[in-house]
Ligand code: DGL
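Next up: just one chain, as structure tokens, the form predicted alone.
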Amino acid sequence: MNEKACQPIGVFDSGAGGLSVLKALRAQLPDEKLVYVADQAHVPYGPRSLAEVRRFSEEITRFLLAQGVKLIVVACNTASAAALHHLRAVFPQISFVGMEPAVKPAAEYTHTGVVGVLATPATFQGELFASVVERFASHVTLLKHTCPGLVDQIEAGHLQDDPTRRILEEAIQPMLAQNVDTIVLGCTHYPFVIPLIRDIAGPQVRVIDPAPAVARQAGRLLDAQNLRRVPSQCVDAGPAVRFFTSGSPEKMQRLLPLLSVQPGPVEQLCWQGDRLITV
């Protein structure tokens, strides 16, 4: 028996956005245990400096390794842009799956040659986004918008209210005026407002959520390393998902059902300087 295969997958984000990826992981890898860290003390990561996000990501990775995880999914576009290469260099003993803006499939799909990307400032500033655009989207027109305030709205559970709609209308309507036919979600929070995005953009616009592709990549890495969990070979201890937050556990618990995530106990984390500890 491969004992390491019984260990959980670690997943982290600045807040609740990575739960969109967690849901995809649960759907595609139902036998796996998961440890989810929401750094809600620092949400949103988007406006922060790349160096700051890198520092947070490194310490969260140390925490997840202490929980015995076998694979880490950086379920945050900003953290992936700021820290993914750094994390792979600092922690060569574990594999990482990051978020890459789904510009390639969008560039392949578009018929009008106009693609919209909704993402945070840090994602647009990162080398990862520039590299993806250079490799796959030099022949299309990319329209970018940072949707200021949208992450905060989603963190508060306001998925359908008027302020959320206004933020999205401000982003999407100018894109529609320029004949956009594909919109890429470059922040893991944004899939939670896909119904609102589709309502504004209309049925002629394709909306690309990268979470299923990320879950498939996690499965491929588990297979390549013979790390898929076989329930009959593992002691089934603890919940399917352990939730941690550096913010308010009560707020996180209230948010889970609003985001269609199966609720569970949320454990408290606390930042002491650059150290992340359990309370």
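From 1 onward, residues are counted along the sequence shown. Values in this document were obtained by computation on a predicted structure and should not be read as measured data.
Missing here is the form predicted in complex with ligand DGL; even so, the following discussion is about that form.
- Checking 61-69, 216-224, 36-44, 239-247 against ligand DGL in the predicted bound form, the stretch whose residues place heavy atoms within 4.5 Å of it is 36-44.
- The partner is absent here; in the predicted bound form, the one residue of Val117, Val73, Ala83, Val151 having a heavy atom within 4.5 Å of ligand DGL is Val151.
- Contact check for Ile183: no non-hydrogen atom falls within 4.5 Å of ligand DGL in the predicted bound form.
- In the predicted bound form, Cys76, Asn77, Thr78 are the residues of 67-92 with at least one heavy atom within 4.5 Å of ligand DGL, listed from first to last.
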